[in-house]
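Provided below as structure tokens are two forms of one protein chain, presented individually as structure 1 and structure 2.
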Structure 1
Amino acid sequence: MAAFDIYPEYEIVRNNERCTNCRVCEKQCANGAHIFLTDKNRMAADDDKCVNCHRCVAMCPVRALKIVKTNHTFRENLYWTGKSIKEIKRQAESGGVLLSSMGNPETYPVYFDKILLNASQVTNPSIDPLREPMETRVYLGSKPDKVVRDEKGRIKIDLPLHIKLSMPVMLSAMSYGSISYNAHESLARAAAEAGIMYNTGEGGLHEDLYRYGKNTIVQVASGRFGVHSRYLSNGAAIEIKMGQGAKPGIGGHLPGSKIVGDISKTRMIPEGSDAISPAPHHDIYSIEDLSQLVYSLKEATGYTKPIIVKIAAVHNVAAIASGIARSGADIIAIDGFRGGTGAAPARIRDHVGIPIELALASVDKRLRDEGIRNRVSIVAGGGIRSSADVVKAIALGADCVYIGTAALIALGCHMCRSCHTGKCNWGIATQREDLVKRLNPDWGYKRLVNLLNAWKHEIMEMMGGMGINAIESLRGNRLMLRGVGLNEKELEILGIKHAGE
């Protein structure tokens, strides 16, 4: 064996008594893990190429396949783990940065799982959402500090532009190029059907999807790929991407192999050229610079679009958010360290940033303490997995949440973490025509709408159980939360009491 040979992480187990040599698995695997041995008239496997995407398992007509994690192990060492050894070997062979996809998989605390919701009993009766009205609509944007009435006692309505959502969930930024056209169409159609918004990401917007403009947030990132006046005017809102939870402090990179056809046209760069977004915006080095871009975009669109500023959850996030709230932006989006990505250096993804729960709570408190909370809405993202996470995030101070990975799982993603290879067997994170067509938008958007409808019903059930009949009454209502297994400092930052108090 070679000096740096690494045993496969997964093994393909084939039941030869069931296998009929139909070769479906061979056709379905973009990684070439299945091989037909002509001389032996049977199928075989190259486990080194298996990424555990489950495509072959799902498509096998006779259930002859399963993927198992190998039990091969290194000598036990709690410090020098097998993972660490493998990563060193890979870098010793390649001399390159380790790339990975999706969100942070490390064993850091998941604070959502250590927070419980309160429930009503007698003095504050619960509400039955099946029989009583329940308000899940959300309006994102600056709000007045007080109600103003005219001389006849009627409320004066003089609100700035808002984003209207049927429920407190939006589909987060995923660029055309990092994901396929069919995936982008599925997101757009689902957003329109559900009455929410989806985000184009930093790669511009395919012209065929302009018809979903009322449900589209267009993004302006440091590379300015695909940004032009028609693109900006088409969206319902504009998001300035300053940072991303999966890779705070660094830019983006879409390999030239994915810059093909309409992606090249949409991003306005030559085919085959790498799309590299710089780490900073080269015209933004202060809050004043950011404010200039905010107003430039408002000016360019005739002051008809709310402006979102997206930042990564980092240690001084509350101070950053305070500055953004004063910059003229209408909405702040905070992306936690478990946010997904199509490609990122593994070291950055796994070791930079902080949890969205702590960042969100600290930002909401800072803006309230400074008396400017109503100037901006807060959108929280980065690892939202369920309707319970949504409710907890809102009680911690968010107006709504972004979901990305959960949306892709609804479209068929199996979290094999090989997005950066461009060989997604489920037709999501790929530009290969034979793979892209595996995701049917007619099927994909319906599954995503089903997920959103299910979450909406669960959100109403949880609100009803707390005796709350409107999302607005839940926002920042930490009395509805209790911590379990958290230390005093964590409880202080989250602004909640321990269970039993």
Structure 2
Amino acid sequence: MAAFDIYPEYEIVRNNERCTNCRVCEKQCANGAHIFLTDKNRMAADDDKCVNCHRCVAMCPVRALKIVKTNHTFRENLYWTGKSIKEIKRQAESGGVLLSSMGNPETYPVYFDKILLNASQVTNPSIDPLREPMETRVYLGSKPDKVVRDEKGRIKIDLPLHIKLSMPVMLSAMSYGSISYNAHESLARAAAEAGIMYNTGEGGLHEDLYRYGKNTIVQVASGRFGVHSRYLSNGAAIEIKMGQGAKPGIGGHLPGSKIVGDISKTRMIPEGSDAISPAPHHDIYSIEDLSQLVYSLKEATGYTKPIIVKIAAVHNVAAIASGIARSGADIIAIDGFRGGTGAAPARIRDHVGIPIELALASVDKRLRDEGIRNRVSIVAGGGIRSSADVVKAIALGADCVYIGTAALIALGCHMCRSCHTGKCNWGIATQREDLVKRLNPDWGYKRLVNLLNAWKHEIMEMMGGMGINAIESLRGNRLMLRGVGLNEKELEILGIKHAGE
């Protein structure tokens, strides 16, 4: 085979008039895309190694760099796209599964972008969030079916355990190991500052982050890494991870090369050994087994923590959710197919699962049809990009959303989708100390808090426009939504009317 059978996707363009040969880009690029040619006394680039993470572009002191998508192309063919051809060549070369990271990038419909919001005109007033109270506080958890009174006739305050959030957004599971310590610390501190929750993911919890316990959801996944009783009791809630939107039906794999130092300690596995999370929980082969795990965790923590069960949005998600709602779980988290990941087989990421908008709408409806919607809260995740997505998800029926990718972007991620290489130039999806150092948690957490505050303001603005001053009045309020360019069936599943109706 020829030496350069596959042409690189991106080209590094250097303005040689500006370049001062300072070699910053060379130092900054963990992929080795920049090389200094000593004999010629100038910089050169290896486009093959570039992942388009923009680290060099951002660090070059004289703006000498830009990355462009190559215009080199295969003979145009709408069916046999360049991507398909390249992937086949790559697999013919390696004989392996294609790996990828972050969420599904393909051109499936984005329902959030085909839904529009309402605003008040004439018949009822909009409310100005700058002048009037606008409540975004959310409580997640199960609600009793019936008010009970004591012998004196006073209401018994027997509210099951709840998570209290200042706004309907939480930071979704990202494990210490898949992301760096500095990234984890940024998430934890941002959650604490913003009055919301972050999620440990399946990698356990670093000792130093125990102090953010009030804002921590501790996850129990199929590998059970880092799970012990102090870990469970330290969180505000416990999440059982049954599935993940980016890779429904398969487990996880953190290569031994990343199991070093504190990560090995936190995960409670020997240094250098691969951390393999099996596809299923081997103690959960059915719904009644799930219920046992829910109650074991409740027992283990003396019934002081609400239990979240997280599932990937798959075809019969409504029936599964209804089973979970009866299993003793307090909260169901549904993760749509756009959900991010540190590493997933590309075919799974791109072809398995369904959009969160449809999954959420049908779960909310099913639970209501069965009269059990009050028994669980619903958290929707997988591709939430903005406050408008949040508002739409809540109007479709979610109590709250999970954000992952958006949070990482606030911390500096440039969506190069190369997390699986472990060489994140922004210090997020890497364990290389020199790279991790690039993310300063003091700075990172503030950026994330800024993002959350900005979204909160926007959410309040949109609520006010609809004449709503408490977030619970938006929940499941589908009359506030209209579809554009959707067919009858899609509208029916979303439970919304078409614009103009």
Partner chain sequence: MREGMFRNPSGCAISGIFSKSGKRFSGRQIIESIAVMHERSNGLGGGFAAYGIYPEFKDHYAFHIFYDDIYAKRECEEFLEDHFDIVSFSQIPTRKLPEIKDTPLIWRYFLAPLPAKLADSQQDEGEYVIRCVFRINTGIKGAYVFSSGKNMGVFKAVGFPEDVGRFYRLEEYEGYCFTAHGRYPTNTPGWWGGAHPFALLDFSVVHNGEISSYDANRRTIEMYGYKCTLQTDTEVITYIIDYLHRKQGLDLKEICSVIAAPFWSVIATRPQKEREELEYLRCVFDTLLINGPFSIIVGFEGGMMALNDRLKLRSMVVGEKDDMVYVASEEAAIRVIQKDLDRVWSPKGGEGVIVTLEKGSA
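If you superpose the two forms and keep the largest set of C-alpha atoms that fall within 1.5 Å, you have the rigid core. By convention here, residues take numbers in order along the sequence of structure 1, the first being 1. This one's a predicted model, so the numbers in the text were calculated from it and none came from an experiment.
S.K.: Please identify the form predicted on its own: structure 1 or structure 2?
M.R.: Structure 1, not 2.
S.K.: After a core superposition, would you say residue 144 shifts its C-alpha by at least 2 Å between structures 1 and 2?
M.R.: Superposed on the core, residue 144 moves its C-alpha 2 Å or more between structures 1 and 2.
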